[in-house]
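Just the one chain here, laid out as structure tokens, in the form predicted alone.
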């Protein structure tokens, strides 16, 4: 007897949405926020990103922010803080 394998795609890409990457600044200046989405070991990944940024862009002001949990979207107050303080953002995750 032969069994078949059915693979379900949870993204439902039968009709993919056209998406464009977020716009990028021409140069990094001012304040860049690194947002840790609160997954395990994300802080270690963000530490390395911050170190690399300081090495390459010493004039850049880097701030660290963190979501309360990775299971939900960022709360409004965090989004507001990012919008007020940051010219660019890296949202980082790691496991």
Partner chain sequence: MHDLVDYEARGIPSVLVASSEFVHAAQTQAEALGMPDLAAGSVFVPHPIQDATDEEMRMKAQDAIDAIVEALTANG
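Positions refer to the first chain, counted from 1. Computed from a predicted model, the values in this text were never measured in an experiment. Think of the rigid core as the biggest set of C-alphas that the two forms share within 1.5 Å after superposition.
What follows is about the form predicted in complex with its partner chain, which we do not show.
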>> Taking its partner chain as it sits in the model of the complex, is residue 64 in contact with it (heavy atom to heavy atom, 4.5 Å or less)?
In response: no
>> Even though the partner isn't displayed, in the model of the complex is residue 26 close enough to its partner chain, meaning a heavy atom within 4.5 Å?
In response: yes
>> residue 40 versus its partner chain, in the model of the complex: is there a non-hydrogen atom within 4.5 Å?
In response: yes
> Is any part of 33-54 within 4.5 angstroms of its partner chain in the model of the complex by a non-hydrogen atom, and which residues would that be?
Replying inline: 35, 39, 40, 41, 44, 45, 48, 49, 51, 52, 53
>> Tell me whether residue 23 is among the residues that move between this form and the one not shown (Cα shift of 2 angstroms or more, core superposed).
In response: yes
